[in-house]
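Just one chain is shown here, as structure tokens, and it is the form predicted on its own.
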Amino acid sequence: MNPEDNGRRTLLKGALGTGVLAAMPNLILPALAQGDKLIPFTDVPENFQVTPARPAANHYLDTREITSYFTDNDDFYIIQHYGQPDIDESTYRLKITGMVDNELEFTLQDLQNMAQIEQQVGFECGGNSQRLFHGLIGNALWGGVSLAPLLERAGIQPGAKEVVFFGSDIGNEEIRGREVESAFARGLSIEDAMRPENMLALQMNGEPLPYYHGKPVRLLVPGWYGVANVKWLNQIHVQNTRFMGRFMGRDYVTLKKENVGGIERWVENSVTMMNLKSAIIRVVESGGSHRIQGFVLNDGTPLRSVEVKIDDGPWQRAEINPRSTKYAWKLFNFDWENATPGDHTLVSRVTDINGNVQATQEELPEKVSYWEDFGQFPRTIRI
């Protein structure tokens, strides 16, 4: 690792454990202070454990242990479907092909030599859920190259409809009785692909993109579920038909009942933009006072409020860090005054600037898939 990169990562982590916040805007400090005590949730089974990230395995966070604004690279959640390919950076090539005026090919050095951007982006897996206490989640400072200028340089031809992003991870799929080789891939419409915030990530929290997170290049689509952020990216292909690979047309598809023109129908939709969601992740006691903490994720739409309800009491406004950026997670706090001994139920809800309110579980559409679990999440606790 470049010493400068290592130093930058140390600075990012250290700033969250010291008083450097004034020099580094957009940060918040959820770490426990001296004398603080975590109050255990009673809804977490005693055998619930989170193991360190390891090769060829999925990984999720223990959300009770979120102690920094940026998730450490070693703890950011990991999901992969065709293993984790080991790519030789010296021979790595990224190709832009298909319905373009100029097919392009880039080495890693080519991408590193381009103008670099940085963004705070948090996201969750489309399968994140209450059963994992929403642990398939993370927030990082990403660095890399803006995608749109590369597509403009290639020159998208008239009639093109979809941009497909292929990873280097390849597996075998059985389709109608035949086994075929298939790369992990996701598609975006031309309009979605040209969003100015989309980027090819080369760095994560001040260091080169780690192996588990798509080294050397990963697509990043802020505001979308993690499945859109194709890891180990090696080809961008422009075409005039919709891409219907496994992870667009057969998997990561939400099957739910909707009203379609006055008729109730089962509708299938690819998992794309994140839904409006909040969750309480811990309660901290300090000197007899209690503070409830949680996170918010959505598609980047500005927020109006986050509220907390205790037992059958009223909804009360929580405090969101005003420096939170558009696509980062938003960590919130609520000071719980005069908490009484005994069992309590806590729940949060978030409302965006358009008046959309996080749904209760009962208000979610009827569905048979577990994708997109964004309903309110009641937690139980004993004081």
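Source: prediction; values computed, not measured. Just count from 1 along the sequence shown to find any residue number.
Although it is not shown, the form predicted together with a small molecule is what the next lines describe.
The closest heavy atom approach of residue 162 to the small molecule in the predicted complex falls outside 4.5 Å.
At the 4.5 Å threshold, heavy atoms of residue 205 stay clear of the small molecule in the predicted complex, well away from it. Contact between residue 237 and the small molecule in the predicted complex is not found at the 4.5 Å heavy atom cutoff.
In the predicted complex, the small molecule stays beyond 4.5 Å of every heavy atom belonging to residue 290. Stretch-level contact check against the small molecule in the predicted complex with heavy atoms at 4.5 Å: of 153-161, 193-201, 123-131, 87-95, the positive one is 123-131.
Shown without its partner, this chain lists 106, 243, 184, 295 as candidates; in the predicted complex, only 184 has a non-hydrogen atom within 4.5 angstroms of the small molecule. 227 is the sole member of 100, 147, 276, 227 with a non-hydrogen atom within 4.5 Å of the small molecule in the predicted complex.
Each of 79, 167 and 218 places at least one heavy atom within 4.5 Å of the small molecule in the predicted complex.
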